[in-house]
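Encoded as structure tokens, the following chain is the form predicted on its own, with no partner shown.
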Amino acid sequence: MRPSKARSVPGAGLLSLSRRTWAALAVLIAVHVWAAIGTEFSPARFARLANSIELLTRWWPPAWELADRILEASVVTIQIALMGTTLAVLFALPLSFLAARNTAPGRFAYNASRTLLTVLRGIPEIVIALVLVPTVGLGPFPGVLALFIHNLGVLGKMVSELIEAADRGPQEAVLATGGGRGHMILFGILPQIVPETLSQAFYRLEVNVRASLVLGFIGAGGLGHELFLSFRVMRYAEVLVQVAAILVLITAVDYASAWVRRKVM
């Protein structure tokens, strides 16, 4: 006789869950209920989104006559993101060797570098820009500095982790041939981390393009500043063109950085 196939009982998977799993689910649900209450979440409020349709009718027709000014602002946005990212990479690379366990010259240098990187990446770009704009002045330069300072902390941590995870084989080979610590870093570690470092740099460039738009709202220039001014005076026809420019800009940077990452990885 053929052995009878075991029938799956509906809901048997749920009944077989352990008490610990049920407790975890209960805590998860409770946390989300707490978050919903704190954020005043209500499905009934979705009905108010219909009011947005009337607002969107004011966006048409687009103010294409401002295309030249918006194109110029888009170029400034790219320049802010590019300079902020490049400066961060250049300064993060040497700092990351101090923040990696296997290349730090001592415990003090290691702890001090890690603490510095934690502080820098823990402060949002907009907070840094709010400090720099009144002191340095309006325009793209404080935006560049804000992106540089924040991304120095982000990229420094990323690269230091790449250094710590580097294969020991090439490093030991350099030391075995009589090379010193500098030779080990130059020939045993750098070739391993450069492709991933470039990949992370281009990813941060994508993020910084979006961040520079927000920085423009507080006077850091670029397309974000133009968008802020148009919203303040309720010139929604201009806003439509600016939003279209933002979408094109971010899409172009995404595709360009993805193409470069495929080439270097």
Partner chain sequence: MALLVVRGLRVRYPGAQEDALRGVDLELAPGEFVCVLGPSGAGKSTLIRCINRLVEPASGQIIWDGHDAMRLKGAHLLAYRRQIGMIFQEFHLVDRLPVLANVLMGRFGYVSPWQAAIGRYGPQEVAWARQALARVGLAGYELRRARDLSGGQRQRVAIARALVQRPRLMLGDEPVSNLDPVTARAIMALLAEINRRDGLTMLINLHSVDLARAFATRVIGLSRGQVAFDGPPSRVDRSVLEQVYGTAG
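This is a predicted model, so every value here is computed, not measured. Positions refer to the first chain, counted from 1.
Note that the form predicted in complex with the partner chain isn't included here; everything after this is about it.
Asker: Here the chain is shown alone; which of 133, 76, 162, 174 has a heavy atom within 4.5 Å of the partner chain in the predicted bound form?
Answerer: The residue in contact is 174.
Asker: Just to be sure I understand the contacts: of 122, 94, 137, 195, which is the one whose heavy atoms reach within 4.5 angstroms of the partner chain in the predicted bound form?
Answerer: Going through each option in turn, the one that passes is 195.
Asker: So which stretch, 140-148, 184-192, 154-162, 110-118, is the one near the partner chain in the predicted bound form (non-hydrogen atoms, 4.5 Å)?
Answerer: Heavy atoms within 4.5 Å of the partner chain in the predicted bound form occur in 184-192.
Asker: Quick check on residue 72: any heavy atom within 4.5 Å of the partner chain in the predicted bound form?
Answerer: Heavy-atom contact with the partner chain at 4.5 Å: absent for residue 72.
Asker: Residue 169 versus the partner chain, in the predicted bound form: is there a non-hydrogen atom within 4.5 Å?
Answerer: Yes, residue 169 lies within 4.5 Å of the partner chain in the predicted bound form.
Asker: With a cut-off of 4.5 Å between heavy atoms, is residue 105 one of the residues that contacts the partner chain in the predicted bound form?
Answerer: So residue 105 does not count as contacting the partner chain.
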